[in-house]
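A single chain comes next, written as structure tokens; it is the form predicted on its own.
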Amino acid sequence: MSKFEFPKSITSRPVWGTLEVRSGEHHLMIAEAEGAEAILDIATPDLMAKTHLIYIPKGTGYAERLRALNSAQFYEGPSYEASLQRIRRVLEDTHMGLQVYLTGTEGMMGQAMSEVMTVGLPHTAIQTEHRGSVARRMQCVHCKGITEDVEVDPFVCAHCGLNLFVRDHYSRRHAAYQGVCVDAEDHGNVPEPKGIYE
């Protein structure tokens, strides 16, 4: 599943757009897994000559096609966490007018968006496009632990073991959706897990 149309929800839930080429002398593209498809869709020789491209494959096979775009700089990292120091360094050394393109899963885009905002770039300089997995990055509101790649509702918190309801409430600060104990008042009464978007 590369593209997914998210159902309408509450206002705190992010709305992801579609990448488009913007003018500027400096571009940063961060693509995770199938997010590479969005980069390939908009890449032009002129754009890529001014682009620092960071790619996190997560088991997909787009690296050679992205390298063939001949970006000014190309980095392939094994995970978002492993790429974070590179991302921070690029943002620290950034020039005014940097255009940022984020594409991949909601978890990666949310975390990268937070890094971009931390260095003071305006939100108008950031574009996003969801591609790939619809698994969520969840924060337990009880222990504050983060569980990555949650695909079912309810799920068990990887940190405290509580059965959590997958809410649509999204924390931009944590780049995660919020999970609330589903059986707090009736311990053990947990609905059968199902896919988040079923």
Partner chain sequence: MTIQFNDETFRDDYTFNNSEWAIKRFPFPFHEDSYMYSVNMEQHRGGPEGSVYEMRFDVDEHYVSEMKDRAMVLDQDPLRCQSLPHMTLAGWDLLELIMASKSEDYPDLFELHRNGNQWRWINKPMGIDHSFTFMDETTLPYGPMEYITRQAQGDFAVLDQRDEMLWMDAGMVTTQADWSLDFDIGMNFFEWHAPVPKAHEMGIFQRALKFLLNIQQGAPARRLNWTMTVNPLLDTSPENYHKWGIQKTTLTPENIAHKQHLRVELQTFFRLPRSNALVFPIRCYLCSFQDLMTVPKWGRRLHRVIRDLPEELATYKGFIDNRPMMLDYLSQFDDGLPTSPGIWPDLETEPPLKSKLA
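Everything quoted here is computed from the prediction, not taken from an experiment. Residue numbers count along the first chain shown, from 1.
There is another form of this protein, the form predicted together with its partner chain, and it is not shown here; the text below is about that form.
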Candidate stretches 149-157, 28-36, 53-61, 134-142, one within 4.5 Å of its partner chain in the predicted bound form by heavy atom: 134-142
Looking in the predicted bound form, any heavy atom of H174 within 4.5 Å of its partner chain? yes
Report yes if any heavy atom of M48 sits within 4.5 Å of a heavy atom of its partner chain in the predicted bound form; otherwise report no. no
Please tell me whether any heavy atom belonging to I10 falls inside 4.5 Å of a heavy atom of its partner chain, as the geometry stands in the predicted bound form. yes
Using a 4.5 angstroms cut-off on non-hydrogen atoms, would A184 count as touching its partner chain in the predicted bound form? yes
Among V166, L66, L162, A43, just one has a heavy atom within 4.5 Å of its partner chain in the predicted bound form, namely L162
